[in-house]
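Just so you know, structure 1 and structure 2 below are the same protein chain in two forms, each on its own as structure tokens.
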Structure 1
């Protein structure tokens, strides 16, 4: 977790000023600069790419300075709420699909429709990739990259053991069997086929969708029953018993971040993640990673995936530089220079033109991610309705109930009911 960091821009500005003075004749204070604040969560890799994009932008627009602030995901939202309460939100805000409804409906975000298409040239996004930034018909978020959930696995470990790697034509049953086989075949101490995915919300959601269910129905109700949840917990309990997945006290080391994941800790060959996280995982492990879609629930079943915006740019309602903020957003999503600077670390660009522009610069990881997104594109279902208030708490509840089953604190038979009862009381509270 890094603290708020200033961009190198302020230093750069000072340096440029000094050079201008040294060159003589140019009055250093010729232009009054406008300051735009930008706020995002993410890793150091993301910060490096963002700062690079910002300095490219300000080099072309010397009247603007961009002041960046970045935090880890966990600290990001409390700070955001505090700033919103103080009417002090940054101008350009990295937004998540989970939170955009809350902030837009409370009037904290600026509707962006008036900037399209003149300032925000996003007409080639396509309807689906644009509409995921709409709340109640108005545009509040600009898609920063397309994303889908994924199964990350250690390619060579599967190949050397001669075990079938995870793929979308495999059923969860076959996946469990293959994982158990890998646990035996892999020659590593305390190493298992897969992480315990029982507490991973996107995995649970993907599995529900193969059964024609959803996490939430859109009217702030659960989209599944206690029986569904019970079956899910039981499936993972079986995998713990067959040693297909890691034991509960190993899985408990996972704090839902790449650096504490089972792959990075070298405890398991498979993790459930989002496709844009491939970079974050790969820089932390020596094993070459592969990507696959989730398993299915038998021949002819549909797949649970959907494309979602990995994140969006929003603009604060309180901004004094709406036009400049919108231009910066446009630089990231619709200008080749900006799109190249950030690459696919935030997901694959929604704009077809930008995808084409960055394709020649992509490294191996970038290519893999773009290929994955095009591979899943014709196999995905519709974007689910936005999660209700309390969804974040329920995601932690899923993890806790799965742990309770793993540590024998709750019986498998009672787990589904326990989860649904507590989740409903969280939803009722709002």
Structure 2
């Protein structure tokens, strides 16, 4: 029996560096005649599940070898940009909603409409869960699971301290006060109420949406002002001063991956994540985690959350194995064996049939994630306009400006203007 080839150049905790995997761990036998390359970001938990799914697939399809490589989020996109420029993209690519428009419009991704419904059996996804993978009317991404932003928090720490846990009926001001109270009540050296979320784009977006603003307005322009951004950076600066959140030098350890997060490093009782990441975070910490929506009360009291594809599968335009790549994608999203292998770590399946297929196998964490999506579903606004080219770079810019404020390299009064000016320059050059 053939299995996917696995070449481990280094096996590190996801996010700290590359995990070069060919998903499976079993050398390919001579009968394997086709090689499909797969590329994804994520934790070791995701890597293990992906390896398992690919092994199951190749066991039934011994002529296929699946070679995989995974990186942490921060390293994933620079490497992908390099591969795209060299026309050397992997065949199957884990894609994010923020980047799919950029890569589709530059011709790097293959339109998938011709594979529906014969190869890609996604008819029960529903229109919204399907259309989130469309760019300019063509299908370039297949929804791997639905999710929403979330606040993860240490349940027992809040309960034992007698501090109100984060919830959507809080304002951000109340969240800051509760975080400062938790820092004092926990009485643990080097431990704070929350991570510094000033550089976390989904948190910034959620905050903006409660005020009736968007990150982008649909015309490839910013949907907020320098004053808005300045107020955001100032809020987190005040939280650093009140010790509600970790100091700048500690937050700098966070590389935007679960293993380097403040909650996993035991530096804070709260962190900001996506709902599908619960599994990855819980595996890495002994503290039982709870899930909450962002503080959702503020000026205007608009709906801050929305449902989005946690990620999508795309296929490179340069692939020489398009049909085989599409079949592998279908195994993940529309075949019970594949869906059970990945569970809900990548989000709650868009397919009603797959949700039913995995329901009996879900553990406590899986059920929490499904329940969370059910809970937020009637409390969300519309999916925002697609992010423009350069949006990924702007997300990293947000982190940098927040760090500069934290390290006193940029004045709070100048932070909003500095961020917006540079962000507009990024958008202008596309």
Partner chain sequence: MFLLPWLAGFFLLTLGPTLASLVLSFTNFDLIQAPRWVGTANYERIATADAKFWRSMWVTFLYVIMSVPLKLAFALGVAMMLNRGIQGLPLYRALFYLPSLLGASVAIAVLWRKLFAGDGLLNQFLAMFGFEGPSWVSNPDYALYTLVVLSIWQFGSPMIIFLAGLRQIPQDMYEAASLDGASPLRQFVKITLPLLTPVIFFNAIVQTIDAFKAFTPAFIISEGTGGPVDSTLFYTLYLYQEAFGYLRMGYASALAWVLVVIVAVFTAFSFLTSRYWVHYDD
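Predicted, not measured: the structure shown is a model, and the values here were computed from it. So that the term is clear: the rigid core is the largest set of C-alpha atoms that superpose within 1.5 Å between two forms. Numbering follows the first chain given and starts at 1.
Annotation: structure 2 represents the form predicted on its own, while structure 1 represents the other form. Shown are candidates 147, 94, 351, 332; the hinge separating the rigid parts that shift between the two structures corresponds to 147. Rigid-body rotation of the smaller part against the larger part between the two structures amounts to 13 degrees, from C-alpha fits. Here residue 115 exhibits a Cα shift of 4.3 Å between the two structures, evaluated on the superposed rigid core.
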